[in-house]
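Listed next as C-alpha cells: two forms of one protein chain, kept apart as structure 1 and structure 2.
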Structure 1
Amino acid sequence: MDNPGDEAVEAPPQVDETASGRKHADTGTLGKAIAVLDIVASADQPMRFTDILAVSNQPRGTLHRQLSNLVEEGLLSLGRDHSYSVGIRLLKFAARAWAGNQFRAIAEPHLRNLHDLTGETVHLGVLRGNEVIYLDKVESRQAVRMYSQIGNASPVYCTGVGKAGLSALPDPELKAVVASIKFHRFTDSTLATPEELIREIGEIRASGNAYDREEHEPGIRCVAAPIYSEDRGFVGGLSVTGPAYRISPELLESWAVLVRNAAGAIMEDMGARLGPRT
C-alpha cells in the first residue's frame, strides 16, 4: 500500500474537478469512496497518493483507508510505482453497463453483417489497462462453437482484439501498458516478451489487422482490427474467431479486409452519432 507521506510527482495528473469528489465530501463513507473513484477515473494518467489528497478534500488517514479498501475490492489498482488507476472489477461493472449503451447499438448491425459474411463468432471489445473486456458477441452459426461471455476480460498481449487495441494507442501509452504486463505462456505460440509484442504491434499498425494464432487458447484463431474514437479516449477492437480445424491461416487472411471494413464503418458511425455537436 502507498505511503501517505510519499511526495507528489512533479507534474500531477490533471483532474476534471466537476467529476471530482468534492461534491460528495459530506455524503458518508460510500459517497467518499465514490468521490475517490471519480477522481482517479477522471485523471489523465495514474495518480499517486498526494495527487489524490490535493483534490479530495478528505483527511489523510481517511483517504488512505478509502484507497486501501478500494484496492482490496478490486475497484482501484495500485501500480508498482505506487500510483492508482481504475481496477479490473470496476471495469467489469462498466462493461456490463456498456452492453446496453449507444456504442453497442451503433456497432451491432456491423457485427451482424460481419457474422453473415463469415459465419463465425464476432467479438467487440474495449481496451482497459492490460486487459480487453468484451462488450458484445454474435455467436457462430456452426454446430461447434467457442465459449466466451460478454463482460469477461482477457490479456491484451495474446488476443486479437487486445493487440488491435494496443496498436491504436500513442507510443507513450503503449509502452506504459506493455511495461505493466506480466507475460504468461498460455500456449507455445503466446508472445512471451515485451520486445516480441512491440515488434508485432508495429506489424499490426502497418497492415491494419491483428491476429491470434492459437496464442490464448489452443485450437482458437482470430483476425481483428482496431476501433477507436478520434481522441483515442475509447480504444478497442473487433474480431472474427473460430476453431483452427475450421479456419485455416489462408481463410483468416481472406477475412482481414472484411474485419477492417467493419471496424472502419463502426468508427464512421461513431463519429457521426457520438461526435461533438455544435
Structure 2
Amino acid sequence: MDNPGDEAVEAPPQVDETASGRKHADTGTLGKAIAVLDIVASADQPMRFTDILAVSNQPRGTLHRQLSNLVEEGLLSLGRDHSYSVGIRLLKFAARAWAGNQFRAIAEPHLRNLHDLTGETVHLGVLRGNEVIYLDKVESRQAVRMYSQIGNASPVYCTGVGKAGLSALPDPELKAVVASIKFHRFTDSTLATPEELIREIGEIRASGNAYDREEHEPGIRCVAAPIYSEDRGFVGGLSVTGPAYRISPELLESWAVLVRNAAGAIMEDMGARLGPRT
C-alpha cells in the first residue's frame, strides 16, 4: 500500500490521461498496449526500449512483453538497431477507416466545390478529445504528398476546424475538453488561456464562423465552420486556409458565408443519406 497510515482514504481519482488528453477508462490490457503504441506514434523519431521505459510507467518486464506483442501483431516494427517505430499493418487499417468513412465521402464534393470557389486549400476534420484529426483536404497543387495532412492530429484551440468543432459542443462537454487542454503559445496570436478560448467560442457560436488568425503557424490564416451530427454523434468542421500575404482579413471574411453554406450543405446531405431513422 502506498498510504500506510491512511487506510480509510478513497481510491485516488486515477486520472490516467493520454497525450491527447483523453481519459482512458478501464480498457484493461488493450488500453495499456495501445497507450504504448501511442507513445511510439507520438514521438517524431524511432524510440529505443529505454526511452519508452522512461515515459511509460510500466515495469521493464511488462513493457518488454507489451512491445513484443505489438511487434508480433505488426502494429510496431522493431528495427535492427532495437528502435521501435509504427508498423505498416496500421496502414491497412487506416486505408479501410478512410475509405469507409461516410462523412468524408459525403463531404468530398462540397470540399471540391469550396476549393473551386476560393482557389485555396480546403480541410475537413473531426474532433477527438482535445485534438482535431484531419480527414481530407483539397488543394491546388495535388503534387503535395499524400498523407501530408490526412490523419494529422493538431490542437483544437488554435486551428479553425478545432475551434469550429468546439463551438458545436454542448457546454458541459466543452468545459471538459477545455479543462483537458495544455495550452502552448505557438505564435503571438495563439489563444493561450481557457478564458480567451471560451470567450472566442461564444463569438463563433454567434457568427457561425471560426477563424485562425495566424494562431498556429505564423503566416497562415483560415476561416472555418462547424459540421456536426447529433444522430451520428460526432463533431467536426471544414475550413479554407491560405497564406496571409495572399489573403487579407477582408477576403477571409468574404469567404465566411461560403464556408457556412458548404457546412450546411454537407449536414443536409448527411441528413438525406443517413437521416431517415427514428
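Heads up, when I say rigid core I mean the largest set of C-alphas that superpose within 1.5 Å between the two forms. Because the structure is a prediction, the values reported are computed rather than measured. Residue indices: 1-based, along structure 1.
By the stated condition, namely the form predicted on its own, the first structure is the one that fits. Relative to the superposed core, S56 undergoes a C-alpha shift of no less than 2 Å between structures 1 and 2. Superposed on the core, the two forms barely differ at L174: its CA moves less than 2 Å between structures 1 and 2. Relative to the superposed core, G242 undergoes a C-alpha shift smaller than 2 Å between structures 1 and 2. Look at S68: with the core superposed, its C-alpha moves 14.8 Å between structures 1 and 2.
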